[in-house]
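As a starting point, one isolated chain is supplied in structure tokens, in the form predicted on its own.
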């Protein structure tokens, strides 16, 4: 007789998994948000598209009414951007066209508009000024900001909150408010139209941003890491160099990108405090004039050439930018 209490083989226990189905309403809301993002992206990219298209148009196509959507691309705008030219009289133009095969492609493009090239323009030199001023000022501001942010984060400082607010207040004034006092001071100290003057100015304005961003990153690094390093015999500077800096590398990269963008795009100070030697690309592009009219294709080409470097840098460091914006938003 079988035992009443005898149990059979154990049945495998199956864990029920709950699958949340996407409701039609949630799917519709998601599609609406995606469509809104795409729409805003398209609207924001329209000026960039117009700038790129204008850079490859001739002067006649640029001012055509209605605007031409289909046109023959040309490098006329880039030639006008990189060269200085003069308008030739009809007799000289006809004589020069006889030897058209012996001219280089830039000269042939200029000849098509009745001009001849007399030399290079100042655009490349002013773009190089932007690289020098933006690069050096960014390095100095990030270095000084890192030291100041570490001090504010780790050491007890009397009036810390007031000092941090004072540092931040330097970014609250519009540039035009302090341009005239700075112009008078720079003229007195011989810093007007110098690379040193612009580097010092951009460093001072970037320093507040660097301090505040980097302090948020360093605050998130546990102090126990440094305390353990100090117990192991590290000095304070060694702990800062080998513990804090690697941990704050993301914040340093994000701060660098933001500082580069400000120094690269700054217009008001560069327009008022420079004239020839240290003038950067933004004011030179805006004041570009042609022979007998404004050369919109050259201005668009200069804007495109000025935009490409900062777009490349921002694209390479895009993940650091996102983390730089959101870091510290959620604390344990």
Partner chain sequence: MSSVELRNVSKRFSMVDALSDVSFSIKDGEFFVLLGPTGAGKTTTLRVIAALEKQDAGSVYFDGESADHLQPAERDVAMVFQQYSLYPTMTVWDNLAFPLRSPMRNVPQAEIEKRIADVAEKLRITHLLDRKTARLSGGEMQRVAIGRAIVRQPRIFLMDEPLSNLDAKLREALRVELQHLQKTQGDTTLLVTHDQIEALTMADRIAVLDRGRIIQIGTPAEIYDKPASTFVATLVGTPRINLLPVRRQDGSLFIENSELHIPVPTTVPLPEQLLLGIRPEDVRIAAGGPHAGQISLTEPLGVETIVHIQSGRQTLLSLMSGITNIKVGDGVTFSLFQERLHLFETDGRRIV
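The shown structure was predicted, so the numbers you read here are calculated from the model rather than taken from an experiment. Numbering follows the first chain given and starts at 1.
Beyond the structure shown, there is the form predicted together with its partner chain, which is absent from this document and is the topic of what follows.
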Answer with yes or no whether residue 224 is in contact with its partner chain in the model of the complex, where contact means some heavy atom within 4.5 Å. yes
So, residue 183 and its partner chain: in the model of the complex, are they within 4.5 Å at any heavy atom pair? no
Using the partner position in the model of the complex, report whether residue 242 sits within 4.5 Å of its partner chain, counting heavy atoms only. yes
So in the model of the complex, does any heavy atom of residue 231 sit within 4.5 Å of its partner chain? yes
Have a look at 73, 90, 159, 246 for me and say which one sits with a heavy atom within 4.5 Å of its partner chain in the model of the complex. 246
May I ask you to choose, among 170, 116, 250, 238, the residue with a heavy atom within 4.5 Å of its partner chain in the model of the complex? 238
